[in-house]
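Before any questions on how it binds or moves, here is one chain, the form predicted on its own, in structure tokens.
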């Protein structure tokens, strides 16, 4: 009797788990179908070679601008976040400064992105007089990504066996050498995963860029300030509300490109984690 009841409960739980999986998959598949089906009319060679003209044209300026501003934002966030994570996780984890960094990181992670965008608008666009620009947008994205890099770095370092540190120090290596050549190298997959997570979040942000990067129909140049820049999320946010079929198609096409980029980044992060586990 007890064996039969356990089998019944097992099947009930498996059925509930399958049902929950289906409930999650249905809206995801529906969203993908909606975006792909509406983006098909806009998919062409010109989509990637022409700039946006009014509510038509292509997305070349937005695609290049997205890589430009997001890439610069990650270049700012990654070293700052990794160094802060190394400090709070390895150099001086119990200090008051480390506690303050953790608290500040948690607070920053909970700040709405639109607030960060408005902060960037007041301090960078107006305060420093940069105007809508690539650098202002990149700094706003960096502020959003830094908490994820800090936390992932600290977590990855905490999983490194203490014996590796002790062995390195026993062989005469300094603490700095131990950190950069032993513990950080061992924690590298987790650190890279955190950077990729910050990258995927930055790719999908709109609000902070509206306040800092502005918008431009032209291809981005090398000027970091006083030069607005195009990006894909602006096309999604703006063109979907336009009463023109061409504008709506561009919005869905931009959404599809964003989905593809985010999927690529997340798959890369999973592969890095899987390879690190296999290596161990």
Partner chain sequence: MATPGKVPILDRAMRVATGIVAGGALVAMLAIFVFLLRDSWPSIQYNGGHFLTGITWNIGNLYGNSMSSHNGVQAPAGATYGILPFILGTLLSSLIAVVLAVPLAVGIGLLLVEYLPRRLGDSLSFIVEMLAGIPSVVIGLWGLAVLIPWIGRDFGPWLQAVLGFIPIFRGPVGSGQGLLASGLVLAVMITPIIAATTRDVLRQTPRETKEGALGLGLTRWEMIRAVSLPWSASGIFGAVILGLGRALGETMAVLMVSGSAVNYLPQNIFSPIGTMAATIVSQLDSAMTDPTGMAVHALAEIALVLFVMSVVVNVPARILLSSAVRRGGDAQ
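Remember, predicted model here, so these are calculated numbers, not experimental data. Numbering follows the first chain given and starts at 1. Under this definition, the rigid core comprises the largest set of C-alpha atoms superposing within 1.5 Å between the forms.
If you look for the form predicted together with the partner chain, you will not find it shown, but the lines that follow are about it.
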In the model of the complex, does residue 200 have a heavy atom within 4.5 Å of the partner chain?
-> yes
Please run the contact check for residue 175 against the partner chain in the model of the complex: heavy atoms, 4.5 angstroms, yes or no?
-> yes
Counting only non-hydrogen atoms and a 4.5 angstroms cut-off, does residue 128 reach the partner chain in the model of the complex?
-> no
Mark residue 179 yes when one of its heavy atoms lies within 4.5 Å of a heavy atom of the partner chain in the model of the complex, and no otherwise.
-> yes
Could you run down 184-218 and flag each residue that has a heavy atom within 4.5 Å of the partner chain in the model of the complex?
-> 200, 204, 206, 207, 210, 211
Does residue 260 move its CA by 2 angstroms or more between this form and the one not shown when the core is aligned?
-> no
